[in-house]
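This document contains two forms of one protein chain, each encoded as structure tokens and listed individually as structure 1 and structure 2.
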Structure 1
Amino acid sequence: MRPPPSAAAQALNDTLARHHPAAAACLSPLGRSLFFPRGIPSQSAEARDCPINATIGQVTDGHGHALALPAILSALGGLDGDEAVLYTAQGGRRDLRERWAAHIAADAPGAPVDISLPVVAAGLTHGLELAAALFAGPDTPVLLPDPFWGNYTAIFERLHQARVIPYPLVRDARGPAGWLDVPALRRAIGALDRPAILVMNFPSNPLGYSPTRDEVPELVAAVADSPQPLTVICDDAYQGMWWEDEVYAHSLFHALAGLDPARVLAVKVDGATKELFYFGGRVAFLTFGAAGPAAQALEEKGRAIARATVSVVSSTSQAVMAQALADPTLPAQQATVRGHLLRRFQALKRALADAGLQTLPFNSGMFAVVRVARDPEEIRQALLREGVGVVALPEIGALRLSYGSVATEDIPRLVQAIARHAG
């Protein structure tokens, strides 16, 4: 049995109850207990400008600068040694968090909604774990799009004993508005009998599907009509990878964050891994769709669980990110890489059509799912012997292809190899 929240934690809970009732109702027992303590990090931050600072346990020259080893400095290139070697603030560098908040606001299809200051996480998985710690407790219903990324089960079910409830993401045949199975989602939401979590992952892993502009209003309405308080976690790992004109080329976070705070809390998990193609950097962000005191309370709880899990995220990676986001040519650089992915997507669409292979709908991201008549694992093993790697999804009788890691000129050969074994 978890003890009742401390006075400091309860003050945050009371703030959420007044200013964002859905967030208050959805907090897990752990989430209700969280607050950022006035421990060493907090006291060290207050002493940051003191000429004599005997607070934090790191080695400096005695005047606030790093005593970095030459072997480390020589590997940092043009990065500032102090920024890359010394600890950063709990929750992440302030300038990086502000730049990422501006990055999120720039994606809004209309006027930006109110959001918290993003909390820096150690990669997308850690960002999802922070959200799960705050809102997923024993038997909390977690609605997951089916098929879904396998790590969701580990995060929500195994770590936090939540109850995973899959809902079909797409229909067997295209409907009047598109492929998205919004009626199935509406039924899953309507059956809830307690505060719950809904995970939305667009573009999808493994499907590579994003809603179209015509599908979005119905999707948002289904969430808005939830009979129970709902935390909607937008896993936006693949944001920006939209390949067809009809795709809604924005995060759903913006529309969801504008819903009734008595009913819905929108949470955004995104980061540098795929948006900036910085896979080894492990820098992600946790952002809440809330304003004023509620945003501040949620941010504090987010920083508290981040401190308890990784303390602070790599200073070196954050320094790289801050420098990259300040580069005015960054959007053009991103567009160049996305151009490579678009050409691979188009080549894969053509090759799959020419081979007559059946796929689930895909229009974005970097994945495609191919239906096969034989055991997917047997096919995967046969392809391995031919020097071709794919992922088997036996639970849906399919193979997942990641064209993000395949050269455009190799895509026809990839598809031909699958076609030889798929029947």
Structure 2
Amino acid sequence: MRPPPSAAAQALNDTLARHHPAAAACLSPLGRSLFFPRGIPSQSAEARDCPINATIGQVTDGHGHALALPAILSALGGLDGDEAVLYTAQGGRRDLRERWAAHIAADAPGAPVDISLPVVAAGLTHGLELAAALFAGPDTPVLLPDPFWGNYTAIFERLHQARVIPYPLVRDARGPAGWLDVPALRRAIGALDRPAILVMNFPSNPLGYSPTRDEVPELVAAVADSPQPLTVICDDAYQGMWWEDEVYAHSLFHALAGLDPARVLAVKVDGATKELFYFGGRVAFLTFGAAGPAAQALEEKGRAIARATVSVVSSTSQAVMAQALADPTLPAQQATVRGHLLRRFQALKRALADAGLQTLPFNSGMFAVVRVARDPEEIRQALLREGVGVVALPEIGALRLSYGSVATEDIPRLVQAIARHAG
């Protein structure tokens, strides 16, 4: 049974009942439950004019302008009319899907594992929705890392009525191998009483944490020992943004895809959004860790859901990405932008330590979470008035900072502003 609409949804339903009775009467149960969450997108919109905007998870020059890769820009300027205008095949351009399969295989730490041909999705959100449509139904347990990206609840819980079970991602104190709370994850998996979904998101949003090399075997073993069939969705949005030497600089997908197919299905959702800094392109991929007929069957089911939701993804964006992936200088271009991010990460680590602010562990990605003693929403509002945009995470008494959109030279000012309000 779908729970009754939240207060925010009910307010919209009441408005419709007053001003458009037919719309109110005709809304589906899902339609009645919907409202636009007051999460990161709305907080980011409020900070649009802030000179320091540390809200949104995209990479800019720190002054609101794109750090676009030349491989993307030149492809945009020189598109072939047929490629850009005509439909592509269902599931996406074959050459693009094959190039992305090769891109995934190149990341494998050992011999590449068997994978399906990636299905093209309209951004990672859509890739996650494709996975949710395939594996989440009413009451399906979905283990989510806590804290997690808020859109997961909208996708799994609101759209598919799955049962979200948060598992603590990190401990209060560092263990011998790192910060991950693997025993808690093992307990959560051990308590499952039916087939379930586990979402792994490294580098994580909002924490900016990835496992260390020493944490990976224990993590993979916890999944391998699942008492119930488990779909592990690796949300690899921020893949490649690994900043500290001890970090495991690969997707966990490869290790998980090699586990017993009677127990574990690994699913990878990744794409151009953050890996190619092509946020507006809306090209992502859904790939299964499976071999032979199973890979083909899963790929077909992925294409079927894509067909039912967006039919095919924009030919224009797929053409841009196919050209960019064929550009031999692309890795160097990505490394240049990642170099900017690494310098911002280092500046932020230094400034936060100098200011004595308490953070949750972060070693990768583009976020850091700062614990605050006062109401995070009050601090966010006070910072907004000073032209500084951050995201409030009241559920964990913290602020999330995105250094993807703050110039290195502005980072000390960002941290000083927070320090003034945080105590």
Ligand SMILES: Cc1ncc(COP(=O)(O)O)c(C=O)c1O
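Here, rigid core means the biggest group of C-alpha atoms that superpose within 1.5 Å across both forms. Counting starts at 1 and follows the sequence of structure 1. Please read these numbers as outputs of a predicted model, since none were measured by experiment.
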Checklist line | Selected structure - criterion: the form predicted on its own | finding: 1
Next item on the list: If the chain moves as two rigid parts between structure 1 and structure 2, put down the smaller part's rotation against the larger in degrees.
Entry: 179
Check: How much does the C-alpha of I52 move between structure 1 and structure 2, in Å, when the core is lined up?
Finding: 57.6
Notebook entry, point to check: With both forms fitted on the core, how large is the C-alpha shift of G77 between structure 1 and structure 2 in Å?
Noted result: 2.5
